[in-house]
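Coming up is one lone chain in structure tokens, specifically the form predicted alone.
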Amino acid sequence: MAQKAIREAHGKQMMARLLKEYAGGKYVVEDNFISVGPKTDLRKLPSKYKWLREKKLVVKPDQLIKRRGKNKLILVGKTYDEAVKWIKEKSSGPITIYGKFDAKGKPLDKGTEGTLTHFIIEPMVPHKETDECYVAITSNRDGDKILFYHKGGVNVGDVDAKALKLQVPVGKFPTAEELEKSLMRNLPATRRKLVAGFVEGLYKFYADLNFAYLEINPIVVLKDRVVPLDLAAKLDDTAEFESGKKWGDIEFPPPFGRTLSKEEAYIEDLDSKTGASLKLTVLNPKGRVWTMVAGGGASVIYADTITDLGYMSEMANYGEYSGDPNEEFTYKYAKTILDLMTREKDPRGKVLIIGGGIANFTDVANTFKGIVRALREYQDKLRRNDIKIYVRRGGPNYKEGLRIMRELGTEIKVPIDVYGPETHMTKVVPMAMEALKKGGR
């Protein structure tokens, strides 16, 4: 499962469109959520959304930022003109977002710097602190877990320790009665049925739309309705073929402070077009240690080994290809990494680790064909940049794949050391680091 976070506005807009269907028409979320981005014409919004001039508003950044309240990034109870002024002020330059605070609200970490570009505008919902609750749904290998706490808001604390929990097996849907009995017992009796019915519909919404995570903190419980105030959500993006039409026009934005490079965006686009997995994060374009790793778990192991050996500052990229991508996709993935790697020469040389564990179903020889195409294409640049390549792989058809790689090294006159499953997965890492010490080859 590939979990990707979505914007709060998009999650709420999905609830406004679809929750009524899953809740048997008993619960309605009004579609009063406006997503504001760099291209939004703030002057024209009131003509389209009349309520902007009629109601007091709440405005928040919408960039996967946690603890917005503690970072003083929530504007409450203001007019539209005041909201526009606040958005312009907050997006005028870089700011720092902190993740941890002490009891007095003092930041405990160095924070993350970035620029605010996206906001959500919605009507203020007048309520008391005692009207706030917390609900979250998370996916695990056995199904889904629903967490509920009868209090909510910015100071809710450690909900994992406080909340009541219900594990829902795959394919099962708890009734409102079951939810009320297991999760709502600390609520006032007059509110239990209302909240239980909402959570019943919310879980159906979650499961059918292939969410991987959904947290609402707080939900506000009024006399006859339940209102989601703050929402954080992740979707299983591999389910886009099944649920994409219901999701609507959404995006998977990068976390605050991180802007995708052209190459990262390209690989992300490739990833969306295949059932396989293609991931790339550029850590240090001038780094001397580059990796092309098969498998998400293997990518973590290789990165940890490089770090443990003291070469974290030289680690240029992080990512993986897995799920048996075809030759064309593997070629494009490899070509992107080789292009980045050979743009700037380092007189000390560089290393490329083409690694992985022992595949279960990926045809090693087939995926290597795509990598071989890219290596042939970049052979001149590889030689000019004094690059040495280390290959370690096992799995279906691995002997043929390793033979192709071994012969390629002779053909293109680039040193390629080849190892199979008889060699421990990370043993090639210290070999490559030793080559760096010697200045490449």
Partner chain sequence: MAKAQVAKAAKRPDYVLFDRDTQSFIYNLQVNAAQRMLDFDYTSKRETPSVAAIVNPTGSDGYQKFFYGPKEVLVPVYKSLQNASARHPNVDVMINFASFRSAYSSTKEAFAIPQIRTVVIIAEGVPERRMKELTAEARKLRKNIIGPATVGGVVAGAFKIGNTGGTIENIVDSKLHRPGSVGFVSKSGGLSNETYNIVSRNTDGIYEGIAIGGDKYPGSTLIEHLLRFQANPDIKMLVSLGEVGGIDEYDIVDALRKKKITKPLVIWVTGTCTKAFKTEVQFGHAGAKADADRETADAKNKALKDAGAIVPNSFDDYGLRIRETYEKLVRKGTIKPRPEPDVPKVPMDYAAAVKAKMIRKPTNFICTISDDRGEELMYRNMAISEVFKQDIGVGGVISLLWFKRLLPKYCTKFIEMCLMVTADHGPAVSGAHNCIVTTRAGKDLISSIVSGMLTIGPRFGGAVDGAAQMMSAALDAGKAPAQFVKEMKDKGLNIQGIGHLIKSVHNPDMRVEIIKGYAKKNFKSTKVLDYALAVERLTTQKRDNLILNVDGCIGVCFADMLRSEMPKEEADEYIRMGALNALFVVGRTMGMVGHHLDQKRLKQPLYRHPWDDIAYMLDQ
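Positions refer to the first chain, counted from 1. All values reported here derive from a predicted model rather than from experimental measurement.
Same protein, other form: the form predicted together with its partner chain, not shown, and the subject of what follows.
Q: Kindly indicate whether D271, K381 and T410 are, all three, within 4.5 angstroms of its partner chain in the predicted complex, using heavy atoms.
A: Looking in the predicted complex, the three residues D271, K381 and T410 all stay beyond 4.5 Å of its partner chain (heavy atoms).
Q: Considering its partner chain in the predicted complex, find the one stretch among 346-354, 298-306, 328-336, 147-155 with heavy atoms no farther than 4.5 Å from it.
A: So the stretch in question is 298-306.
Q: In the predicted complex, which of the listed residues (G143, G99, G105, G244) lies with a heavy atom within 4.5 Å of its partner chain?
A: Looking at the other structure, the residue within range turns out to be G143.
Q: Could you tell me which one of M425, M433, V418, L19 places a heavy atom within 4.5 Å of its partner chain in the predicted complex?
A: In short, M425.
Q: Verify the contact flag for G197: yes if a non-hydrogen atom of it lies within 4.5 Å of a non-hydrogen atom of its partner chain in the predicted complex, no if not.
A: So G197 does not count as contacting its partner chain.
Q: Just checking whether K165 would be counted as a contact of its partner chain in the predicted complex - the rule being heavy atoms within 4.5 angstroms.
A: Because no heavy atom of K165 falls inside 4.5 Å of its partner chain in the predicted complex, the answer is no.
Q: Give a yes/no on whether M341 approaches its partner chain to within 4.5 Å in the predicted complex, heavy atoms considered.
A: Close contact is absent here: in the predicted complex, M341 is far from its partner chain, nothing within 4.5 Å, heavy atoms only.
Q: Considering only heavy atoms, tell me if P255 and its partner chain come within 4.5 Å of each other in the predicted complex.
A: It does: once its partner chain is placed as it appears in the predicted complex, P255 has a heavy atom within 4.5 Å of it.
Q: Scan 357-391 and write down, in order along the chain, each residue with a heavy atom lying within 4.5 Å of its partner chain in the predicted complex.
A: The stretch touches the partner through G357, I358, A359, N360, F361, D363, N366.
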